[in-house]
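There is one chain below, alone, in structure tokens, taken in the form predicted alone.
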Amino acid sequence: MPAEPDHPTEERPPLVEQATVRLRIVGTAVLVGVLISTGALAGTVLAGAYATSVDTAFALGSLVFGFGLLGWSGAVALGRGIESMQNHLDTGTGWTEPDARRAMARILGFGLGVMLGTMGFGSVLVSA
């Protein structure tokens, strides 16, 4: 079954607007991830458990990033089928493929932000 586009071609927003919306979704999640990881690592430095906390924070960030990437790709690959199944079964859950992609992009961005924050904090601390 071919996928139908969300909007007709003439009604789609400009490409710059689409890119801005997507960058805002992922960018805010990256920023939150960087702030949370930096704050958490600063707390562990004060507590004296720096060495293992950087490794653990990076591993947790990569785990969240991987979950978001897998969920996003699953939503892209199976989203239309899941929507069709829900319509056929009349479940009325309101789950949609675009909402799932958006949520997974935020999770992916948060994990990326944690990894970037950990690398940045670790680099600054090692060089100091």
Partner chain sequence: MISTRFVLKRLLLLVPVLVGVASLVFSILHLSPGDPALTIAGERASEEFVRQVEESLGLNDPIWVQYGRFLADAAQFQFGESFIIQRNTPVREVLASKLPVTLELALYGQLIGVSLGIPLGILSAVKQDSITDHLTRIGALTGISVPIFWSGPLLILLFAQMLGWLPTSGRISVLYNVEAIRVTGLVTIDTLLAGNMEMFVSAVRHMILPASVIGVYSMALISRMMRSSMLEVIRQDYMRTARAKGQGAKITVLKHGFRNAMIPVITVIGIQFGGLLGGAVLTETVFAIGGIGTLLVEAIKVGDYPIVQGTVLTFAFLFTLVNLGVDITYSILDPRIEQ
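Numbering follows the first chain given and starts at 1. Everything numeric here is computed off the predicted structure, so don't read it as measured data.
Note that the form predicted in complex with the partner chain isn't included here; everything after this is about it.
Q: Could you tell me which one of 35, 59, 49, 42 places a heavy atom within 4.5 Å of the partner chain in the model of the complex?
A: Contact residue from the list: 59.
Q: Considering only heavy atoms, tell me if residue 99 and the partner chain come within 4.5 Å of each other in the model of the complex.
A: Residue 99: no contact with the partner chain in the model of the complex.
Q: Residue-level question: is residue 73 within 4.5 Å of the partner chain in the model of the complex, judged on heavy atoms?
A: It does: once the partner chain is placed as it appears in the model of the complex, residue 73 has a heavy atom within 4.5 Å of it.
Q: How about residue 27 - does it come within 4.5 Å of the partner chain in the model of the complex, if we only consider non-hydrogen atoms?
A: No.
Q: Any chance residue 103 has a heavy atom within 4.5 Å of the partner chain in the model of the complex?
A: Outside the cut-off, so no.
Q: With the partner chain taken in the model of the complex, which residues across 54-86 come within 4.5 angstroms through any non-hydrogen atom?
A: In sequence order, 54, 55, 56, 58, 59, 60, 62, 63, 65, 66, 67, 69, 70, 72, 73, 76, 77, 78, 81, 82, 84, 85 come within 4.5 Å of the partner.
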